[in-house]
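One chain is shown next in structure tokens, namely the form predicted on its own.
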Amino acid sequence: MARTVAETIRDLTRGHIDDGGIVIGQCLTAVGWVQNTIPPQTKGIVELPMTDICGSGIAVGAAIMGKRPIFVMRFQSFLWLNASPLVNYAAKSKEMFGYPAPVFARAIASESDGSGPLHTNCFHSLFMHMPGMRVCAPMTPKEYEAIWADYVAGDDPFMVSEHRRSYKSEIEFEDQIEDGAEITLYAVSAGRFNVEDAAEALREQGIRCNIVHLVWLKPFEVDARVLAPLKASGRGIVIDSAYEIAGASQSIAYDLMLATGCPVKAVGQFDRSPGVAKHLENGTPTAERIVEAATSMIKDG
């Protein structure tokens, strides 16, 4: 029987607790057990009243002591207040001091739910700057299982950029490569849900396109899987749920252009704070915006 992303995370978490691991965060045992991603139990769960300020320091300390904690931030806005212990200690400790701090940091992005300017965002890009921190954005059950297996097999700290839109999904995304494609769409985070609709709209206009799904942001592997479709189509777009300026989309677009010489555009959140009202939302690029960017690139040659 197929499982949702939330059910997959919950089951992996329960197994981790049974193996002696712990989960740290705020309001883990309330308000739906973090969208059904936390097993409904008290064993192995450490509730913190101030995780938006100091939780990561406690999690990093637990990691150093061998507990391999899962640290949950219900909103990615909490990353700004929790970044220092993660990037200045967990990411550096193995290289500088000879001992690892393998914290598994779950940061949850959200949008279009009336959360306003503070809790409506995706901020995985800032963690790509720090050596020693692995950054990924799994959106399917099998992808989450794969990144979890990778984490358990090693001793690196992980920044896992989740998105609420994925939690009820059972979809397993696959790359779509077409003969004669005119553009290649690279999708990150919740952009992976919108890119499917965008590709269909482009095909209705007679424009063939490739879709390449990206899970790992750092390390980002510039390999044949990501390069071959771009070389064949001659142009590309990287779509991401995070801010476009100085973000993952621009970084990946640069790597792709450098490797192929093909023009690649970055499309992410607009450079403005989101508001609570519907007309003030600022989230993952819509299918319509992706189509507009693609047709503009093709028109410009």
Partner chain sequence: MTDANSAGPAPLEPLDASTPYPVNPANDPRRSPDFGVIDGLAEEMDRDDSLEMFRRMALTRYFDLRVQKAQLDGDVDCFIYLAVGQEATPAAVSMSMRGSWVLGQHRCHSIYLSFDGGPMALADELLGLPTGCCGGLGGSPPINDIDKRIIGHNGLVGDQVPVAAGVALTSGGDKVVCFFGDGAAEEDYVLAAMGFAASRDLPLLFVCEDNDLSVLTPTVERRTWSLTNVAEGFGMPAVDITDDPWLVDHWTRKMSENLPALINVRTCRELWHVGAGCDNNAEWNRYELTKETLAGMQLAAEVEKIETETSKFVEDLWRERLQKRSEILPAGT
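Numbering follows the first chain given and starts at 1. For clarity, every value in this text was computed on a predicted model and none was experimentally measured.
One more form of this protein should be noted, the form predicted in complex with its partner chain, which is absent from this view; the next part is about it.
A.B. asks: Taking any heavy atom pair closer than or equal to 4.5 Å as contact, tell me whether Y167 reaches its partner chain in the model of the complex.
C.D. replies: Although its partner chain is absent here, Y167 would stay clear of it in the model of the complex, with no heavy atoms inside 4.5 Å.
A.B. asks: Applying a 4.5 Å heavy atom distance criterion, does D271 contact its partner chain in the model of the complex?
C.D. replies: D271: no, not in contact with its partner chain in the model of the complex.
A.B. asks: Hey, in the model of the complex, does I17 get a heavy atom within 4.5 angstroms of its partner chain?
C.D. replies: Because no heavy atom of I17 falls inside 4.5 Å of its partner chain in the model of the complex, the answer is no.
A.B. asks: Looking in the model of the complex, any heavy atom of G61 within 4.5 Å of its partner chain?
C.D. replies: Answer yes; at least one heavy atom of G61 falls within 4.5 Å of its partner chain in the model of the complex.
A.B. asks: With the partner removed from view, which of 183 to 191, 153 to 161, 83 to 91, 217 to 225 is the stretch that lies within 4.5 Å of its partner chain in the model of the complex, judged by heavy atom distances?
C.D. replies: Selected range: 83 to 91.
A.B. asks: Within 4.5 Å, heavy atoms only, which of E172, D197, E95, D175 is in contact with its partner chain in the model of the complex?
C.D. replies: By the 4.5 Å heavy-atom cutoff, the listed residue in contact is E95.
A.B. asks: Just give me the single entry in V46, C262, C27, A232 that has a non-hydrogen atom within 4.5 angstroms of its partner chain in the model of the complex.
C.D. replies: Contact check passes for V46.
A.B. asks: What residues of 65 to 84, in sequence order, lie within 4.5 Å of its partner chain in the model of the complex by heavy atom?
C.D. replies: Read in sequence order, the residues that approach its partner chain (within 4.5 Å, in the model of the complex) are M65, K67, S84.
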